[in-house]
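Below, in structure tokens: the form predicted on its own, a single chain.
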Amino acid sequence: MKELIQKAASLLETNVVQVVIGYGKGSADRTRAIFSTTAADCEQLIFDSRCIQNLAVYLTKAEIKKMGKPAIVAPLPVLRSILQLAAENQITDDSLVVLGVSPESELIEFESLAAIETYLATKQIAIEEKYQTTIKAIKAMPVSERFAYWVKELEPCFKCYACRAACPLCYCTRCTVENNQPQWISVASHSLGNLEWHIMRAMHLAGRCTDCEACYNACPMGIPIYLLTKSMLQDVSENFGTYGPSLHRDNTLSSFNPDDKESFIR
């Protein structure tokens, strides 16, 4: 995208930002995150269908903050993550420049986070039919069968935490799994430990997940953990009427509404 390269270079040349977080050529036929600090560096920027990494994960990193004010290349999943991070007071309007990229690969310059929210209102999260069918089939299983299904699916997990590292909403400086006094989550990658870890992470993303699939894309074992978060997206929407990030909505797990459904209490 020539327009993207020119805009990124201009932002650096005028010192509006000190680093541009974008996509560049990686190994084989993959892409990787690159951090351009000069106009010349921007020539390495690319954008195509291979650019699936959620770059918003870098916005809360201390190493990136030290580089100065960033501009970030943001397709839809990244835009949603930026908005959610703003809703959780992790970023502000003046802390970054967002170089939005539409589904048609057109560059969009957003003046504010509110402008991103307005834009995303017309780009609601839509879970694909193939995933909905799978989730529906899993939920229809008897409890014992469903439990056995997830134990088997999570069996290959060896607790590398690549899913956590790739997720822009897993920004805690110390995760529950690193807490050993008391130790809430088992360190070992056995059936119970794996189940505890992935269920805990899915619960922490309830009402926050932006459906970017970064966790699945990062998993070296190809475990379909996105089914947990996609299912949670549906459950939150059905029970609490919220779906997708917003600057004007309280966090699902930290707020209470007397009108909330209570059918989940059995």
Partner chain sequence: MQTENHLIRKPSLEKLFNYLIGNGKTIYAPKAKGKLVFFDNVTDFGEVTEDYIVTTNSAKSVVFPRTEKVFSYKKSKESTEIIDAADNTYPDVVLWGSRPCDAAAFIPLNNTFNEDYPDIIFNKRSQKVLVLSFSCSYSDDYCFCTSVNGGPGNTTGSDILFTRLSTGDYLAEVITEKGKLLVTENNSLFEPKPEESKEQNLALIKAYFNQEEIQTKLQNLFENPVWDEKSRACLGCGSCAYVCPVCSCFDIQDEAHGHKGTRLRCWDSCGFGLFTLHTSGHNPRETQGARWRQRILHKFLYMPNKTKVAGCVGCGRCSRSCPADINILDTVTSL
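None of the values given here were measured: they were computed from a predicted structure. Residue numbers count along the first chain shown, from 1.
Here the subject shifts to the form predicted in complex with its partner chain, a form of this protein not shown in this document.
Contact check for residue 161: a heavy atom falls within 4.5 Å of its partner chain in the model of the complex. Using a 4.5 angstroms threshold between heavy atoms, residue 166 counts as touching its partner chain in the model of the complex. Among heavy atoms of residue 32, some come within 4.5 Å of its partner chain in the model of the complex. Shown alone here, residue 95 lies farther than 4.5 Å from its partner chain in the model of the complex, counting heavy atoms only.
Only one of 107-115, 148-156, 120-128, 74-82 places residue heavy atoms within 4.5 angstroms of its partner chain in the model of the complex, namely 148-156. Along 182-208, a non-hydrogen atom within 4.5 Å of its partner chain in the model of the complex is carried by 183, 186, 187, 188, 189, 190, 194, in order along the sequence.
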